[in-house]
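Shown here is one chain on its own, the form predicted alone, set out as C-alpha cells.
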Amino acid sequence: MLRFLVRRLLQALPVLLLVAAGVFVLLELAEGDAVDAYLAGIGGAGDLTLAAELRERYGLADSLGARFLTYAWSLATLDLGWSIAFARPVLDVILERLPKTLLLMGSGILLAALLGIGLGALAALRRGRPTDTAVTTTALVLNATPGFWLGLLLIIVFAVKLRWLPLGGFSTLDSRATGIEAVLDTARHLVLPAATLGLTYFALYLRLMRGAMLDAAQSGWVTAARARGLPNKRIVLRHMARPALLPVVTMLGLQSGTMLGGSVVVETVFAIPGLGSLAFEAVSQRDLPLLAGTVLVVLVNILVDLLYGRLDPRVGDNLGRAAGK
C-alpha cells in the first residue's frame, strides 16, 4: 500500500502542473497585476516610483518566462512565497484560514453524505411509492437551487424571522467564551452555512445510493441470501447497503475539490474568513502565490483510493498487486 501511495503521488504530479500552469496563465491574461491592485487599495495608484520598486522587489518586473520558472520552482519546493495583498508569507495566511474552511467543508460533506445515504436507501426501499417521489423531487429541486439564493433564504427564515441562529461569521465578535462555550458558539454559526453547502450537494449522493441499492437488490448474492432465509435487515445492511457505498465514497473525494469552489459563494454570503473567500481575494488582488496555494487540493483523490480499497477487499487486492508491479 505504501508503494501504491507513492505511485499515486507521482500520477498526481501532471495534474498539479496543469493546475499551476492554468492559474499562472489566467492571471497573466487578466488586466493589471498584484502591485496595481495593492496600490489601488491604499490609494497610491499614481505613484509610479513606488510601483516600480514593488515590482522589482517581488520579481514582477522580470520576463514572463522567468516569472513562470520562479513560480514553478516555488511550488515544487513547497515555498509558496510572499503575499503582496496581505504582506505576509502565503503559508501563514493559508494555515490561518484553512481550519475554518475544513470545518465548513467537513460539516457540509458530512451532512450531504448522511442525507444522501439515508434518504437514498429509503427511496430505494420505497421504489415507486410516494415517499420515493417526494424524496427524489426535493433533492433535485435543492440541487438546482443556487447556493447563494439558498443561503439567503435560510438567513431570512432562521436568522431574521425566527432569530434562532446568527446571520453569519465564524463566531460572535465580542464573545470571550472559551472551552465548550466557544465550541457551541462556533457550532451555532456553522449551522446555516453547512446546511447551505450540504443541501446543495446531497442530491448527487442520494441518486448514487438509490441506484446502487436498486442494482444490488437485483444481484445474485441478494437472491441467494433471501433463499437462505437471512433476515431482511441483514440483507439490506450487509448485501445491499455496503456495496452501494462504494460509488458514494468515490464521489465524496471528487466532490471535495468541487466543494472548495462552492465554499467561495457560501463563505461570501455568510462572511466566513476561509479558503474560499481567500481564493476570491487572491483573484481580485492578482496575488499569484496566494491563489496557487489555495488550489492544491487534488491529492485528496489518493485518500479516496485507499478508502475505496478498504471498503472493497477485491479493489484493495488489485491495488496491492498493481503497486507491486
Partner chain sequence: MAPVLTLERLTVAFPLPDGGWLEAAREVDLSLERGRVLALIGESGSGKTTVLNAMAGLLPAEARVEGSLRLDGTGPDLLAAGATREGVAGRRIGMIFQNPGASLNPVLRVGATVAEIAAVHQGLGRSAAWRAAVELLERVGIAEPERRVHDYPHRLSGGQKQRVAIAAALAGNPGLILADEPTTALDAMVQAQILDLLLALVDQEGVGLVLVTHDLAVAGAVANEIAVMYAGRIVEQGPAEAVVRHPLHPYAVALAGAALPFGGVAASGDAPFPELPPADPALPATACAFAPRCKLAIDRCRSERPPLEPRDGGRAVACWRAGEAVP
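Residue numbers count along the first chain shown, from 1. All figures in this text were calculated on a predicted structure; none of them were measured in a lab.
We do not show the form predicted together with its partner chain, though everything after this point is about it.
* Asked: in the predicted bound form, which of the listed residues (184, 230, 162, 87) lies with a heavy atom within 4.5 Å of its partner chain?
  -> The residue in contact is 230.
* To do: Name the single residue among 78, 95, 224, 102 that comes within 4.5 Å of its partner chain in the predicted bound form, judging by heavy atoms.
  => Answer to the contact question: 224.
* Just to confirm, residue 118 within 4.5 Å of its partner chain in the predicted bound form by heavy atoms? -> The answer is no: residue 118 has no heavy atom within 4.5 Å of its partner chain.
* To do: With heavy atoms only and a cut-off of 4.5 Å, decide whether residue 220 touches its partner chain in the predicted bound form.
  => The answer is yes: residue 220 has a heavy atom within 4.5 Å of its partner chain.
* Asked: Counting only non-hydrogen atoms and a 4.5 angstroms cut-off, does residue 126 reach its partner chain in the predicted bound form?
  -> Residue 126: no contact with its partner chain in the predicted bound form.
* Within a 4.5 Å heavy atom cut-off, is residue 111 in contact with its partner chain in the predicted bound form? -> Residue 111: no contact with its partner chain in the predicted bound form.
* To do: Go through 87-95, 69-77, 242-250, 184-192 and give me the stretch that gets within 4.5 Å of its partner chain in the predicted bound form, heavy atoms only.
  => Every other range fails; the passing one is 242-250.
* To do: Sequence order please: the residues of 188-215 with a heavy atom within 4.5 Å of its partner chain in the predicted bound form.
  => Result: empty, none.
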